[in-house]
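What follows is a single chain, given as structure tokens, in the form predicted alone.
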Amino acid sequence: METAFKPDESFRAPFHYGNSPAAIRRFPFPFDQDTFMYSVNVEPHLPGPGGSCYEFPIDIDEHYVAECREREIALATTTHRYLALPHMMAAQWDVLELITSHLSRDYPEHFELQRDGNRWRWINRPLGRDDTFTFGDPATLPQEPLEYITRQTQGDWCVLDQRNGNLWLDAGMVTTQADWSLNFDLGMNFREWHGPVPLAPELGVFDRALKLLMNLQLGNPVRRLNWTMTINPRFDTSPEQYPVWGPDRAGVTLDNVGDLAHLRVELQALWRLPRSNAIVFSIRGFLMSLREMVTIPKWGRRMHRVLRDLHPALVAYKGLGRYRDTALAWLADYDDGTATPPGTQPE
């Protein structure tokens, strides 16, 4: 079924955003039980059920056009949201090929890729683009290859160079991040980049994750889910923009928390790239308000219990302290105490 886009949405004040009933049901709800603690939670990035956000390797949904416009706004109004070190050019072309190949194969009604040797034509119908370029020659594109193609995708894209027994964040397009900075983290290795995360180092999570990723094989991508919460349907919660989004949390009340508080889930996928041997790490964000969430009773009950029992260090790390009690009080009306079946899918 062809996706019906919602181009008039806005992820900045005055906000205008919502999920259709179908988008709610395909939301990647991250909790398969009533408690949460960090784990590697990596699985093969295999095709999922038809219509789900896992159906295709790169998901396009009803928010595609609006999210691409949001990226353009972030790039036009802030700096250092796209960065790439010089040695990453081969990896940039790898990512362009990955994205254009998947989108044209899986969404032929929206995207078309024509190849004649190194002469490529890329057609993006939702964004009104029709570009011809020479693969491998950045001078034939309006931007560097990674910037060009990630301006046409949802979610952030980080490219990790593998060398010296580690992974290094050496390129990325990052405009929808949950309180971290590409400008600060560029050039860091895997452990340095994830250093602020509490509890995970003590649990050995990152050692296991790094070992797994260093052995990632071409043609066998993997995925995981990460989550936090955001006030308002705002994607750009970078540290540099904190004066804009930080005060949002002070305005949460019992009357408005159901509409203001959003579960923010990242569907993170990692692919080994063929020419560069780098790894591209896509961080696709999904937003759903608590009011939308409780339309799935299982999710409403489970969210109440996860927030109620969340480790204090994670409450602080995820910035929930100022409004968690308010959210819990609101969610309590949707938790009748009955058991929730295992798994993340709706009833």
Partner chain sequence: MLVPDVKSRPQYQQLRFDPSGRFHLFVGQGDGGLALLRVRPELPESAEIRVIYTGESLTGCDLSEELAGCGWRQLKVLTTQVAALQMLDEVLEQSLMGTRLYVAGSEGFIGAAEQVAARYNLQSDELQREHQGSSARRVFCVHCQTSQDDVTTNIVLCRGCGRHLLVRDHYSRRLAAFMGGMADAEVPGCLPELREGFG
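Treat the numbers as computed from the prediction; the structure is a model and nothing was measured. Residue numbers count along the first chain shown, from 1.
Same protein, other form: the form predicted together with the partner chain, not shown, and the subject of what follows.
Novice: State the residue from Asn118, Thr253, Asn215, Thr79 whose non-hydrogen atoms include one within 4.5 Å of the partner chain in the predicted complex.
Specialist: Answer to the contact question: Thr79.
Novice: Counting any non-hydrogen atom inside 4.5 Å, which residue from Gly195, Pro126, Pro274, Gly136 sits next to the partner chain in the predicted complex?
Specialist: Contact residue from the list: Gly195.
Novice: Can you confirm whether Pro142, Tyr148 and Trp227, the three residues that make up this candidate site, all sit within 4.5 Å of the partner chain in the predicted complex, judged by heavy atoms?
Specialist: Zero of three within 4.5 Å in the predicted complex.
Novice: In the predicted complex, does Leu267 come within 4.5 Å of the partner chain, counting heavy atoms only?
Specialist: Residue-level check for Leu267: no, no contact with the partner chain.
Novice: Answer yes if any heavy atom of Glu240 is within 4.5 Å of a heavy atom of the partner chain in the predicted complex; otherwise answer no.
Specialist: Yes.
Novice: Is it the case that Gly165, even though its partner is missing from this view, gets within 4.5 Å of the partner chain in the predicted complex, heavy atoms only?
Specialist: No - in the predicted complex, heavy atoms of Gly165 and the partner chain never come within 4.5 Å of each other.
Novice: Is it the case that Arg322, even though its partner is missing from this view, gets within 4.5 Å of the partner chain in the predicted complex, heavy atoms only?
Specialist: Looking in the predicted complex, residue contacts with the partner chain include Arg322, since a heavy atom lies within 4.5 Å.
Novice: Heavy atoms, 4.5 Å, the partner chain in the predicted complex: which of 69-77, 184-192, 253-261, 151-159 makes the cut? Say which one.
Specialist: Among the listed stretches, the partner-contacting one is 184-192.
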